[in-house]
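Before any questions on binding or motion, here is one chain by itself as structure tokens, the form predicted on its own.
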């Protein structure tokens, strides 16, 4: 290709480095920075005008449940592949998960245990308008039919591909554990056995007797990492993608990416295409607030962190060259695990999925424990504490749960597409999360910190250790006081924007103790309050809800090609998993399947940049 005549000779010389010639946006956290995408350079650039530090047929961004399958599939199709990972370790959010993969559609495991399923049944399940949660929110109504059709047709293939590449699933019938919006007609969840792969949270494998019978994210990522290495995928750790390079800001093919490696700028050419598997946007405060203005900085207990951050980098880089967002309702809809009630308290990273004993907290053996700082206290019985807002006032029944989601057997009887599925629903909203995010009626958009308040008797009942590394005193996620008044005064940290009035907390505790005496919570209906908070010392532990799933992202088509604001494909750009929109489902299934699809299609791209 020849350079556009509008480039002067002087500009051509000065444009040998990408910062002077290429369109793309700055990816600073908390800013869309799309202004940088409309530089006043009207000329066309091409791959010959860029100094390429590295080249491959395919460049994949992110080494999680989307990136690893995409990289392996493309490499095994004969492509050279470079996989860039921002962190010093692989796995993304997937490696810290429980390892549940809800593919379905007629997998070998379903067939083995006599479970009837098919691509058509799966498709109809995941697009069923009539499935509604008890709070009125629909799981599947706003799913993109084209994307779901591709998933349904490739789900069983992806399952067999995972097995062929070393993933061992626990030898039990597929179930609905940790499915979360996986369809009502058939059990589809399989669980990647931990085997000998070290857990990210501990740095160690599970004990031998549990390795083949307990699922972990390491059981999925470990084999895929090994398969990628064996196939010849070039993995570049600590290479943070900062820009996607396109021939023009709104036209032409994608040429490659720019990455930062310890302050060094590196341009990597992608002859066939780039696959975005960067993992979503929950860690980017301003980006996530486009979907929900309440999610301000105090919601800092993100699922998957501090192993990896969902910083919206893939979305922002693609938007800067013209990409569209898609399926935004699925991020704002109040169903599933977009937000989660804290499971561990007294630490920043308090997310605890499910009730499996092997969903472990961060422990000192983890390579990221210096960032996690504390393991937290697992709450066995929510009767052992009360929850208060920033002003020291209760706001809801502490035993309540978060949003519900549809899975196998959730609706009985169930007929796909029947109006009776929603008509027969017993409307019974559980507004715990909304109450927690309600705030205090001032001009602040966020709800503020939520604190668990308890006494030394509760510590004994729960068998908690209230010393580091179980709790985080140093960064202000855990406090202690010899009286309720002293405790309130001690609560000082960056997100506690207002002092907690001691008289408020004293009144709250006194009123709750009276409920224990009477056996009736006349404020919020907590079932028969059981324990008074009366024995010093007293404690306040961080219990603010955690942000989990990203269910909205870039617009893609059935081939996982990224689509722009005009509905046209951006040549050479692919995306899957939590960075992609149009598919509301929690977990690893959509990520692995879309990585499989994207890898196959980028490898077949015969119109290279």
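Predicted model only: the values in this text are computed from it and were never measured. Residue numbers count along the first chain shown, from 1.
Not on display, but discussed next: the form predicted together with a small molecule.
Not one of 246, 319 and 581 is positioned with any heavy atom within 4.5 Å of the small molecule in the model of the complex. Checked against the small molecule in the model of the complex, the candidates 511, 271, 141, 240 yield a single residue with a heavy atom inside 4.5 Å, and that residue is 240. Contact with the small molecule in the model of the complex, defined as a heavy atom within 4.5 Å, holds for exactly one of 350, 128, 398, 85, namely 85. With the small molecule omitted here, the record of contacts in the model of the complex names 301-309 of 301-309, 72-80, 473-481, 455-463, defined by a heavy atom within 4.5 Å.
When contacts are judged by a 4.5 Å heavy atom cut-off, residue 598 does not count as touching the small molecule in the model of the complex. Using a 4.5 Å cutoff between non-hydrogen atoms, residue 330 does not count as a contact of the small molecule in the model of the complex. Taking non-hydrogen atoms only, residue 488 never approaches the small molecule to within 4.5 angstroms in the model of the complex. Mapping the unseen interface onto this chain, residue 91 counts among the residues with a heavy atom inside 4.5 Å of the small molecule in the model of the complex.
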